[in-house]
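Just one chain is shown here, as structure tokens, and it is the form predicted on its own.
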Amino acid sequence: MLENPIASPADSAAAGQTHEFAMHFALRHATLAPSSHNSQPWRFVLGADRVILCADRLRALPVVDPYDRELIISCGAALFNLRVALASLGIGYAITLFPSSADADLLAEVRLLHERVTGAELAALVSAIYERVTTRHPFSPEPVDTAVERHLMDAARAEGVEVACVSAAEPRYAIAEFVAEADRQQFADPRFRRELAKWIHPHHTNDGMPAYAAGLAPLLDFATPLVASAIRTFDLGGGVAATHRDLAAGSPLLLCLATGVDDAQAWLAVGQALERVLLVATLHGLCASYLNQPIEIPELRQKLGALTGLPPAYHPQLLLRIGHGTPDAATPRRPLDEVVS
């Protein structure tokens, strides 16, 4: 005979509160994922036992990211955080990627499975989600331990993404020159400058990059409009190129994520691999930031793959610099009621 076959109203209320807490917890962690220009280009649709992750194309970056490659990568990072948060709560899940052939904005359906745990090994990463930030300052010359480097590579490959690590000085310097050349080309384009300036916001807003996060100068919030205006009006490529070249050359480890195909499914996998790598790096006390400029310039992208030692058929998707440094302040996030329906 079944015990208590019909739940009491109190039991139902308690279950509802537990479910509501779990979803709030998981979604809050999902929204802490990194995104290009801190655009946070995701939406979540809640059902009774599932979450649907959608791309928010209204927050796209048509100049720097014309095919929404980085937008989908950002959503993949949010999906990985969702997986980690659910695992930390002991809640299982089943994921269907691109569940609707009629709607390309539906990227993943996550169905909750309360009767079993999925991805238990991910639970240990949950504390790193709040600690992870993008660090734009120079790193110390202290090398990344080879065992840690292997952990980072294993993290990427666990998500089905290839990875190349570059620590030797000569290829790092060559990659740094590619970064500088890409900066010069991008800043010479007025459309790129306008798009970048659009996403430099005062710190009290919920998205975009505060002036101190733009990598130009440690300016206070009141100077944000001046920074945005300068970027919009003037070609600052020479100075930015020199800064980013020095950051790349002086970083003890460069890490490139790559895939054998170059489509939306691959980009979503890269986003999950990216966040897994970043969280593992954070747990090891490392900092990271992005050097994606040469990947955003088509003629430099494949040359970058050769420099990093990737097989010729692979497509570079993201370039990270990793090392020991001082974390920047966290960038702002939109409240849940703006991204959840």
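Residues carry their position along the shown sequence, with the first being 1. Only a predicted model underlies this, so the values are computations on that prediction, with no experimental measurement involved.
Form predicted in complex with a small molecule: not shown, discussed below.
Although the partner is absent here, R276 sits far enough away that none of its heavy atoms falls within 4.5 Å of the small molecule in the predicted complex. Contact check for I91: no non-hydrogen atom falls within 4.5 Å of the small molecule in the predicted complex. Contact annotation: H24 falls outside 4.5 Å of the small molecule in the predicted complex, judged by heavy atom distances. Residue contact with the small molecule in the predicted complex: D68 places no heavy atom within 4.5 Å of it. Of the candidate stretches 49-57, 292-300, 279-287, 308-316, only 292-300 contains residues with a heavy atom within 4.5 Å of the small molecule in the predicted complex.
Distance criterion of 4.5 Å from any heavy atom to the small molecule in the predicted complex singles out I73 from the list I73, L107, A156, L254. Think of it this way: in the predicted complex, the small molecule has a heavy atom of just one of Q185, T259, T243, T134 within 4.5 Å, and the residue is T134.
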